[in-house]
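Only one chain is included here, represented as structure tokens and corresponding to the form predicted on its own.
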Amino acid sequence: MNLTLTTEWQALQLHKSRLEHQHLRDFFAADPERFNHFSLELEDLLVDYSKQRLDSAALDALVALAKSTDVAGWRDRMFAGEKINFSEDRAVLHTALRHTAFTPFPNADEDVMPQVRAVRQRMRDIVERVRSGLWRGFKGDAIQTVVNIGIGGSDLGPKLATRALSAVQHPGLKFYFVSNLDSAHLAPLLEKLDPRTTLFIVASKTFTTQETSLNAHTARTWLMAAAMEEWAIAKHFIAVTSSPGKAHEFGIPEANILQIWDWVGGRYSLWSAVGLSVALAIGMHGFERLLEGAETMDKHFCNTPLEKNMPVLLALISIWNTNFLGAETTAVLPYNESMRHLPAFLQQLEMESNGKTVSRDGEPLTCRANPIVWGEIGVNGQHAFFQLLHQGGWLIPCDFVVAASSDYPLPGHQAPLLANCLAQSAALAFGKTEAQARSELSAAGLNEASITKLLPHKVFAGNQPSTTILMPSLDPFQLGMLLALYEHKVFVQGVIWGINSFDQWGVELGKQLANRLLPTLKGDLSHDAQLDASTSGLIAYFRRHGNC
């Protein structure tokens, strides 16, 4: 199906032509109750999309597009356990990981919950032993430091959640995350750690991912230099993998291996044993509250009509901005310092899932799919790139994310933080007209010559669309809802664009090429003739100057 030729798409083109010259000031002037009409709340999670450049008629047309592409049907197929990741012949069942009722999931005939609950129980046992001090290192010391070794979803998800919930973290444990092949990531960390009190979590589905494998073996060598005995591995290493045999070869015993399944994609794996570091930080009860928050969003996604469905509306708004208004990027702007890693997490979730130009049936897409996702802590961005957002002339939709209550309360800090967040979304939306700027300069006592000189620099076009997502506090339940909200948003976008959101063949290409180049970098000249001129020249440079 050529999506752009459908009746629903053509109707949206007409709405785009009708609205493209309207300013957000006009939308709010026409509807004093716009906030009430264009916001939703679920268990105190508030999504305000009133500063998006659309009206009710355009939104209705977007919902019609979702219906015509069978978003509800694909959603039901995913929750039913069908193999909608057809290119890898896999079901997509990360939602089973946060299914908390003692009922079958996805159904009685294909119930995955016994194995999910078994892994949860093993997580609980490990968490209780480590947090209570019963888990002892090779010299009999309690664990004080946890190092998660992984990459992609095995790093970004647990790192985001552990940092986001650090205010309720176990006071006697420190957490670190290692992902980069560059030894500058791991070496300085090992220099300050004590092998007697350090626990490593090696998170890798295949247990062969190059970055994770190399870092894990380096950590193993570091530990063995201190412990001198193989049995010490069992005291200091846990594996989260779908390849237990390879974890055994590494030296990790069965009791320390937690399973993950092929129906869990890496960027959706936080809810599995990949989240062990999160559970160690906030306790198993806290981790289960994270799951409950995500499950609450799952139920909302499954049971709420599309026109009032948070993930569906966020997906439709993004499609409107990308395919009809022409936005090429989206900025994610968390204002809570603890949410620093949210932009990186969403970069993988969105761009790895939907950064594609080929549809499910192998045909080229007839429209552009996912925008570029980027972002930074909002208050930092205000003193960096917000100048471009305000006056750079680019259309850049923004997601503002903030909690109403501080997780680290200090007197006098929270109100200015919230004021800055709300002020920036309002300023981007409404800008400042020439008349307003002139009036302000005149009130400041400037003469006409000075006003004329400064006036062009004091005008702000505004009309930058944004969504503001508010939480009452940054707690496990609210964080679970927030992350599941974005997960389902990405899924809905993929359905509408006709994309399989659950494979990532582009990631595999780079890995294959790197494996072929590695021997050449180390001095094997037999493949030199097969290299392109640029790669050959760059390798020659590394041979001269590097220490491979």
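From 1 onward, residues are counted along the sequence shown. Computed from a predicted model, the values in this text were never measured in an experiment.
Just so you know, the form predicted together with a small molecule exists too; it's not on screen, but the next bit is about it.
*Asks:* Scan D475, E295, D399, E352 and let me know which has any heavy atom within 4.5 Å of the small molecule in the predicted bound form.
*Replies:* Going through each option in turn, the one that passes is E352.
*Asks:* Using a 4.5 Å cut on heavy atoms, which of T330, Q348, Q424, S338 is close to the small molecule in the predicted bound form?
*Replies:* Selected option: Q348.
*Asks:* Tell me, yes or no, whether S466 is in contact with the small molecule in the predicted bound form, where a contact means a heavy atom of each within 4.5 Å.
*Replies:* No - in the predicted bound form, heavy atoms of S466 and the small molecule never come within 4.5 Å of each other.
*Asks:* H37 near the small molecule in the predicted bound form, any heavy atom under 4.5 Å?
*Replies:* No, H37 stays farther than 4.5 Å from the small molecule in the predicted bound form.
*Asks:* Looking in the predicted bound form, any heavy atom of R196 within 4.5 Å of the small molecule?
*Replies:* Close contact is absent here: in the predicted bound form, R196 is far from the small molecule, nothing within 4.5 Å, heavy atoms only.
*Asks:* So, T206 and the small molecule: in the predicted bound form, are they within 4.5 Å at any heavy atom pair?
*Replies:* Result yes; T206 sits at the interface with the small molecule in the predicted bound form.
*Asks:* Where, among 366 to 374, 198 to 206, 443 to 451, 282 to 290, do residues come within 4.5 Å of the small molecule in the predicted bound form by heavy atom distance?
*Replies:* Heavy-atom contact with the partner occurs in 198 to 206.
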